[in-house]
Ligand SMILES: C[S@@+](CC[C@H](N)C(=O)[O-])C[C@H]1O[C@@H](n2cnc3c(N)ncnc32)[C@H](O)[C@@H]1O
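Coming up is one lone chain in C-alpha cells, specifically the form predicted on its own.
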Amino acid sequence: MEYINANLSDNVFNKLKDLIYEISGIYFSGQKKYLLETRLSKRLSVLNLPNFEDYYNYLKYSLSKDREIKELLNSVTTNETSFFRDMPQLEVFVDILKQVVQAAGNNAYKKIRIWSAACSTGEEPYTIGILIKENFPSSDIKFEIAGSDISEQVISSAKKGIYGSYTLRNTPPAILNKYFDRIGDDSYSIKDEIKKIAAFHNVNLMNAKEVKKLNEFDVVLCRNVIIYFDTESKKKAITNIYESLKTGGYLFLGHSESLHSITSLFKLVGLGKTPLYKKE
C-alpha cells in the first residue's frame, strides 16, 4: 500500500489531538506531531483522502465516523508489551494474591476477580493466568481474569492467543513448554487451560458506563497506562477504576507512575518494587 504524501499542519494537528483527547484521554504534545502524522498516514491511504484536513472532517461528519474512530484509536494507541514484563512487580502481585486467597479462607464459592486494564494483545492477562496456575495449583477458589483495551484490534488479537518469540522473550523455557503449543517456526499458541480463565473486553477507561460493566474486582493492574494521560484524564480514569474495585481491593500501577496529586481515594500501601494502592 502506498502512503499519501501529506503534511500535517499545526492547525489540523491541534484539531486531531483535541479529538483524540476528547475520545480517549490520550494527550499528544507538540513534540509528538510527527508521530501522529506517521501513524495516521496509513488511514489517509486506506480512505483515499488527499490530506489530514479531509481526514479530520471524515472523523467528524462522515456516516462511517464511528467505525473510523475505532480505526483511529487502533492507530494511535501504544501496544508495546510482553509476557512476564517487569517480574519484580509481578512477584508483589503474587504476594498480594496470596493474601487475598488467604482472606477468602475455605469458601469454595469464592471468586477472585482480576482486571488487566489496557491489556493490549493479552500478554499480561495470560501471564496472570500462568502465575495463578503455578502458585495456586490445588485451590478450590475460582479465579476470573478480565483484560480490556480501547483498541478493538488488539483485543481481537488477544482472544486468538497466538504470539511470536519476541513477546515471549522473558518467558522461562519450562513455562513456554508447559503452557504454549508451538505452531510454525516462530509462533506459539496459549493453551486452553489458560485461555479459558481470561475474558477480553473493548473498554475505554474514560467512559464510566463502559467501565461499570467490569466490576467487583479484587485486584486491578493498570501498569504503564496513565503516563499517556494528562492530569484531568488521569483523575477520570482512576476514579472509574476505583468504582470497579471491591472495598479492600488493590491497584497496581507502573513503577514510574503515582497517584500523588491525582487522587486521595486510595491508600498507598507499598512502594518498594511497585506502586501499590488499596481501596479502603
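Keep in mind the model is a prediction, meaning the values are calculated, not measured. For every residue, the number given is its place in the sequence shown, counted from 1.
Not pictured, yet referred to below: the form predicted in complex with the named molecule.
* **Residue stretch of 197-205, 127-135, 173-181, 157-165 approaching the named molecule in the predicted bound form, non-hydrogen atom distance within 4.5 Å** => Of the options, only 197-205 has residues within 4.5 Å of the partner.
* Note which of Asn57, Ser45, Asn51, Asn224 lies within 4.5 Å of the named molecule in the predicted bound form, where distance is taken over heavy atoms; exactly one does. => Checked against the cut-off, the match is Asn224.
* Asked: Only one of Ile26, Ile69, Leu214, Leu36 has a non-hydrogen atom within 4.5 angstroms of the named molecule in the predicted bound form; which is it?
  -> Selected option: Ile26.
* Using heavy atoms and a 4.5 Å limit, would one call Tyr228 a contact residue for the named molecule in the predicted bound form? -> Flag for Tyr228 set to yes.
* For Asp185, is any heavy atom within 4.5 Å of the named molecule in the predicted bound form, or not? -> Contact check for Asp185: no, nothing within 4.5 Å of the named molecule in the predicted bound form.
* Answer with yes or no whether Lys191 is in contact with the named molecule in the predicted bound form, where contact means some heavy atom within 4.5 Å. => No - in the predicted bound form, heavy atoms of Lys191 and the named molecule never come within 4.5 Å of each other.
* Contact label in the predicted bound form: Thr77 to the named molecule, heavy atom within 4.5 Å -> So Thr77 counts as contacting the named molecule.
* Even though the chain is shown alone, can you say which residues of 114-149 have a heavy atom within 4.5 Å of the named molecule in the predicted bound form? -> The stretch 114-149, when checked against the named molecule in the predicted bound form, contributes Ala118, Cys119, Ser120, Glu124, Asp149 at the 4.5 Å heavy-atom cut-off.
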